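First, one chain by itself: the form predicted alone, in structure tokens.
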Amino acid sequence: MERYEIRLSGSGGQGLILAGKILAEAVAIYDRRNAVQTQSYGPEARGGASRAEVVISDGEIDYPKAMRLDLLLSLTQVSCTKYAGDLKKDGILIVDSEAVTEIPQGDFKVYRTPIMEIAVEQVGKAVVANIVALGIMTAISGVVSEESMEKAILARVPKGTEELNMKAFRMGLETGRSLVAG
């Protein structure tokens, strides 16, 4: 792998910064590959724009920002509209189907699924939508191992929430696998 670029985008309060940190940790520490994570968010604590980027490579990473995305996760319509143009040809766009109803034109593969709804109705808490999304991304992209993601999630989530977060991750994996199977 020369360089694989991921952007997690949505609004503040959706846990995307934490999700980016978990993904980078899973790749760098547990999969033993190079990864760098950057983040950006608006001045609002909740509701403002938020994004985390993770660049993964087997070689050195000379520039830490994502420029041509291999994978874009969009949890809001605004983030999808804003960032879909950054996807590479044959890139992957994963959207929350309840929040993102208009998919911009592009030469990329689109996966639609109700991420927030899965978190609320199948896992039991909206706060784990970011972990559901990590499971979906893991299953669809194959860029990080499931075992490494589990270890990184357990290392990063608040104490006492491990079981809930593992349930969210597994629901995401199951969802991602069903999306790939078509």
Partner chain sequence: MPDRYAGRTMMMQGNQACAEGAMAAGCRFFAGYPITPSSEIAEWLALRFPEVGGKFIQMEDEIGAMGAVIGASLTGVKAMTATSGPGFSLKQENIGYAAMAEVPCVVVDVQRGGPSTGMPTLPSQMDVQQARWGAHGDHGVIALTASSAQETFEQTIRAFNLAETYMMPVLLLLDEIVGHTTERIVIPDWDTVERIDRKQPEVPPDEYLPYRCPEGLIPVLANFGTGYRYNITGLCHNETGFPTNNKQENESLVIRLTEKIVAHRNEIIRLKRMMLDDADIVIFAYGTVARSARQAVMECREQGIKAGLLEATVLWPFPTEEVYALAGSVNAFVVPELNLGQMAREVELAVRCAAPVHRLNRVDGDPITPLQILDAVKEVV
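Note that the structure is a prediction, hence the values are computed from the model and not measured. Positions refer to the first chain, counted from 1.
The discussion below concerns the form predicted together with its partner chain, not included here.
**OP:** Using a 4.5 Å heavy atom cut-off, indicate which stretch of 126-134, 33-41, 143-151, 113-121 touches its partner chain in the predicted bound form.
**Re:** After filtering at 4.5 Å, what remains is 33-41.
Original post:
Does at least one non-hydrogen atom of Leu173 fall within 4.5 angstroms of its partner chain in the predicted bound form?
Top reply: Leu173: no, not in contact with its partner chain in the predicted bound form.
Original post:
Is the gap between Ala28 and its partner chain in the predicted bound form 4.5 Å or less for some heavy atom pair?
Top reply: Heavy-atom contact with its partner chain at 4.5 Å: present for Ala28.
Original post:
Ala24: heavy atom within 4.5 Å of its partner chain in the predicted bound form?
Top reply: So Ala24 counts as contacting its partner chain.
Subject >> 4.5 Å heavy atom contact, Arg3 to its partner chain in the predicted bound form >> reply: Residue-level check for Arg3: yes, a contact with its partner chain.
Subject >> Residues of 151-182 having any heavy atom within 4.5 Å of its partner chain in the predicted bound form, listed in sequence order >> reply: Sequence-ordered list has one entry, Arg156.
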